[in-house]
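Take a look at this single chain in structure tokens; it is the form predicted alone.
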Amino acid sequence: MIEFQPSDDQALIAETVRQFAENEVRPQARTCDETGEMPAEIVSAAHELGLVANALPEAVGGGGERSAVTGCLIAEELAWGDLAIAVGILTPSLVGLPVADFGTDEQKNTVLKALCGSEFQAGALAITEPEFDFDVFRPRTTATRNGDHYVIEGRKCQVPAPGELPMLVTAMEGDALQAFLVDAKSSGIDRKRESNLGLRGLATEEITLSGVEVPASARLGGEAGADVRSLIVRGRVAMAAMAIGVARAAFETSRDYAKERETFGAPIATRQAIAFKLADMAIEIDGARLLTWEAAWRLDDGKDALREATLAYQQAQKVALTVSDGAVQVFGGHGYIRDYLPEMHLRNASGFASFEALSLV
């Protein structure tokens, strides 16, 4: 049976992350958005909390506490603070969790031990392609076996800037969807920083792979391969949780403003049009959260969750955009000014329609 109340441990984790988001993340959100840079001290502080490492196996130094529901709670709270910083903090999961699930012993030793070390290590998962008819389950990027190595050809976009760890690239090997660990500095790779409407505090790149050679051992899972489909499902659940976080931030900001802003001697929150709009926001956010928790619960229960994850993400991205737009309306003219948060929430929320697996649970 689905449990609608987080356990005591989950509630403690969520509260800890919320305090971190309130005290460390949100105060830096506007600066990150304006400069396009993320302070190293934020991701280092988050790494010390073990937000990704705690979900990795104990054998490599992790906490061994893997839970999609807990991952959703963490993702929502971080995105409540700021979406770009939240994605940046959780990028290690983009490589760490797939390798933990499907990696060979060699891949686990290379990747997971680094993620459980004392220093933050950014990760990157290259899934999305810059094509109007892009199909996440059948990308145009190809991997062709040639003896003891593969040759990868294709283009990817919305890829978090890779760090020292190899990035994970999805590609079609014949009719099979696979993923490969690729050094971002490999010959044949061209990287270009993107300039986006939202998510400006996170460095994302468009990557072109032209005849990039990787050893056969670079295929995720080795000869056995990996269930890349499950990574897409987990990514949709994570992005749904982040969309809820953005929506909640927009709602709470507009609610508090409506209580303080007075017209004709009374707070605008007492006006029926504003009160009803705020009530609708709260209802939609709670509904989307329950859909997301259901999908996460199915993952934790070992069940297929593609349908639930897709429905949750579709609903959550609509709610994030609707609520963020509503927050701008509640603020009136102030909602259009960069001195206030609603315009940034709206820009960030508008990207969910194209985001795919920028985080995993």
Partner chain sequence: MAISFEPTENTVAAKEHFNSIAMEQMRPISRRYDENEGEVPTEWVEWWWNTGRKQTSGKLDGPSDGFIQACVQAEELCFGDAALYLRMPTPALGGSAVGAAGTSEQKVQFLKHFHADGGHPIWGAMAITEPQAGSDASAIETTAEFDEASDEWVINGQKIFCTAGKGSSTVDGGFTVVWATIDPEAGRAGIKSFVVPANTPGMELVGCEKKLGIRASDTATLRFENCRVPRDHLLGSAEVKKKDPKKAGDKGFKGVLATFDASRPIVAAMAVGVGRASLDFVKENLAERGVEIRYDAPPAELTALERDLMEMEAELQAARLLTWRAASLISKGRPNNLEASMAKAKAGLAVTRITQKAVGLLGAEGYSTKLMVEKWMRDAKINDIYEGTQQINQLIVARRILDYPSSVLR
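Every value quoted in this text rests on a predicted model; they were computed, and no experiment measured them. Numbering follows the first chain given and starts at 1.
We do not show the form predicted together with the partner chain, though everything after this point is about it.
- Proximity of Arg229, Ala275 and Leu306 to the partner chain in the predicted complex is complete: all three residues have a non-hydrogen atom within 4.5 angstroms.
- Site annotation in the predicted complex: the residue of Glu41, Asp301, Glu48, Glu58 reaching within 4.5 Å of the partner chain with a heavy atom is Asp301.
- In summary, among the residues Leu311, Cys32, Ala53, Val328, the only one with a non-hydrogen atom within 4.5 Å of the partner chain in the predicted complex is Leu311.
- Heavy atoms within 4.5 Å of the partner chain in the predicted complex belong, among the stretches 33-41, 312-320, 332-340, 58-66, to residues of 312-320.
- Gly287 belongs to the set of residues with a heavy atom inside 4.5 Å of the partner chain in the predicted complex.
- Although the partner is absent here, Phe251 is a contact residue: one of its heavy atoms lies within 4.5 angstroms of the partner chain in the predicted complex.
- In the predicted complex, at least one heavy atom of Arg255 sits within 4.5 Å of the partner chain.
- Contact between Thr270 and the partner chain in the predicted complex is found at the 4.5 Å heavy atom cutoff.
- Contacts of stretch 125-147 with the partner chain in the predicted complex, defined by any heavy atom lying within 4.5 Å, are made by Phe132, Asp133, Phe134, Asp135, Phe137, listed in sequence order.
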